[in-house]
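Listed next as structure tokens: two forms of one protein chain, kept apart as structure 1 and structure 2.
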Structure 1
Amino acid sequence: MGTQGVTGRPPLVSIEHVSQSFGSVRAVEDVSLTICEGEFFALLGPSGSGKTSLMRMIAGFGEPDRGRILLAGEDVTRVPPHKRPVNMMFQNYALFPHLNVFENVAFGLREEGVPKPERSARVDEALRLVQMQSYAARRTQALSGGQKQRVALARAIVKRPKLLLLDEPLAALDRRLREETQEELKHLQKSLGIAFLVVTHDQDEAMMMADRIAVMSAGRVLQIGTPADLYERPVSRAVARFIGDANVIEPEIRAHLDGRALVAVDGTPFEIATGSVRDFAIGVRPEKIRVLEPYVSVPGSVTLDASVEQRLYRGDVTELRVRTAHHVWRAAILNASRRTGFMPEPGERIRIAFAPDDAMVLPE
């Protein structure tokens, strides 16, 4: 492996062909990935996908059956947690109820024998970064969920790790506070320059915060990329369905050309770029589908006759469930355009259209 990571920064964590089993259950299967210095990286997947098992091995709370883990170029596969330049913020925060906020944050430094003047200065700095200085003398039982989360974060960063691990860090917060904290975490991570690794099942959370995301399923990594890469260029149907919403349609494949294919949906032919892929579905995001009155055509687009089966108001968008000759589609209309745009009722005949370039090629 070279000295520069995939982001142009040096690699901090290198996972090399790591596997782990619990009895007959394969939790992690031949995973390889790199996390770079100063990167915000997310492991994203449903429950049982292996993301937490992988994070615990990076922290040192589990060992792989095969493969190795390197931190800053050093093999730490068998190194105990306290000897790794890593700190972990647990989902339940694990604060000490008998200690106040300042004492909770200072606990790890005190155990390491850091002198009191330096300890106090570093705790003050950590509390300032998470905007909890005024709560230093308060007991943790008197804090809200969001405040406890900030204290746990201060305790994690006060030891100045090279890598901070966050296990579902925002799961206990309500939606509004969760969204605010996502922005704060992203800003804090950039200002500290520490690499963050977050484990989450929430795709919106990962897309909002992470520089890159590894999508996991059944112990394997399906794809690694930026949020835009995963959304616009998923490599499989599973990734397309997990990252955002997608209409996944099985087209009629009529001919393979030079890196392209002639396909048809509901009898309507069009060409798409396929590279070397020969067996595939197509995916079209709901917001890429135009909803038209039944007599309207869009030159250069794939246009299909349809009928509206259902209309769902979702605040920023209205989602339509529509049926063409052989498929059911979802289309999203921005509600900001409701007054001037076409908004059909259930039962109405319409047309839907999408650009061939907006059809994603999705192998199995």
Structure 2
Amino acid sequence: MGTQGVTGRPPLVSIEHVSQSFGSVRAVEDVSLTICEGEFFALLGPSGSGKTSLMRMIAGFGEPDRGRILLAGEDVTRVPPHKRPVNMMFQNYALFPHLNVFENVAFGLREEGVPKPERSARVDEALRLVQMQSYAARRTQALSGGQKQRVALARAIVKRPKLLLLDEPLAALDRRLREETQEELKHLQKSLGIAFLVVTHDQDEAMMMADRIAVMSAGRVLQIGTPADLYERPVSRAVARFIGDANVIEPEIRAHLDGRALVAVDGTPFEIATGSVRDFAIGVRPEKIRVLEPYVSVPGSVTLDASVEQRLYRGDVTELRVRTAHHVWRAAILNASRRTGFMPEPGERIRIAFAPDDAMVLPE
């Protein structure tokens, strides 16, 4: 599993074998990863998987029990937060209630000792970047959630950090606003050229914004890669299930030969490329499964007899729950092809088919 940056840019943050416990809770377990300059990096995982803990250690809140953190080549593991060239946007935004919008954004510049004229010019610019310049004199309590989020963002970028940490930046926004803001964040990140590290539990959000994603579970990093890597080549059952939907099937492994394996599902044999992996599951994405009328067969595909258990209309797709001899599958039919395609009713006998190449090998 590659921990080196694949974007070809120099590394900015290196996290080396970092662990952190709270009493008996192992919040972060032996995490290593590298974030490159100008990269949009996401930590993705379910609630309680250690994302916030890891991010806080990068900001300087809470020391690792083991391992070290390098920032631009310098060991900052024991450097206090106010001396790190890193800023954080807190999950609840943490705006100062006794200060107005302008004073909130100016806070960090004042601590830095930036002279007054430059300070207000930079605050104005930051507020303009987030389209909040007309709110400078407002009290923060009177702002909406989206506006608070923008002020918090302006306050974090005004110091021009090398790395911006965002803890669930969009979690408090409603869906429409969230999707708009995702695009804006991505755009802002590219135009500022600052590396962003975003914590999120929402895989769509991570896929949409990030250059690379680290999938976390129970304090560990399961896989690091581009959104396409994670979707098309997950290394484990957990990643396959967490990124998109996947039918994870334990096949009968019959033989290994020259980096390929002969496997069988429901007694139907086929060959797949496995490299040196000997023990694995296979994962098939629902949209890679073809739904056929009974007795139809597709040459070169794995074809199984099935019956429809449930049909769910999901807008863009219709999802079928189908049962074969020993497994339950989910298949997705694009509704765009509905008029021409085959759309079975629950209880109907059908066939499903997938290409052996579409069966992802999941070693872990």
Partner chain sequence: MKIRPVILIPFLWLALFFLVPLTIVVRLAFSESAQARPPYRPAFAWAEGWPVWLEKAKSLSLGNFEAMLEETLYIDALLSSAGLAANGTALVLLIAYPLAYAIARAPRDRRVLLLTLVVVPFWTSFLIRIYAWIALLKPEGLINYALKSFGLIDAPLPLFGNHLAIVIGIAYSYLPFMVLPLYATLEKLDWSLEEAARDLGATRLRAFWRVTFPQTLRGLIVGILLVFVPALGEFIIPDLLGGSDTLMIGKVMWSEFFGNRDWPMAAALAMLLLCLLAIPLVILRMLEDRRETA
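Quick note, the numbers are simply positions in structure 1, starting from 1. By rigid core we mean the largest C-alpha set that fits within 1.5 Å across both forms. All values reported here derive from a predicted model rather than from experimental measurement.
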Any idea which of the pair is the form predicted alone?
1
After fitting the rigid core, is the C-alpha of Arg241 off by 2 Å or more between structure 1 and structure 2?
no
By the 2 angstroms cut-off, has the C-alpha of Arg260 moved between structure 1 and structure 2 once the rigid core is superposed?
no
Comparing between structure 1 and structure 2 on the rigid core, is the C-alpha shift at Ala228 2 Å or larger?
no
With the core held fixed, Arg139 moves its Cα between structure 1 and structure 2 by a number of Å equal to 2.4
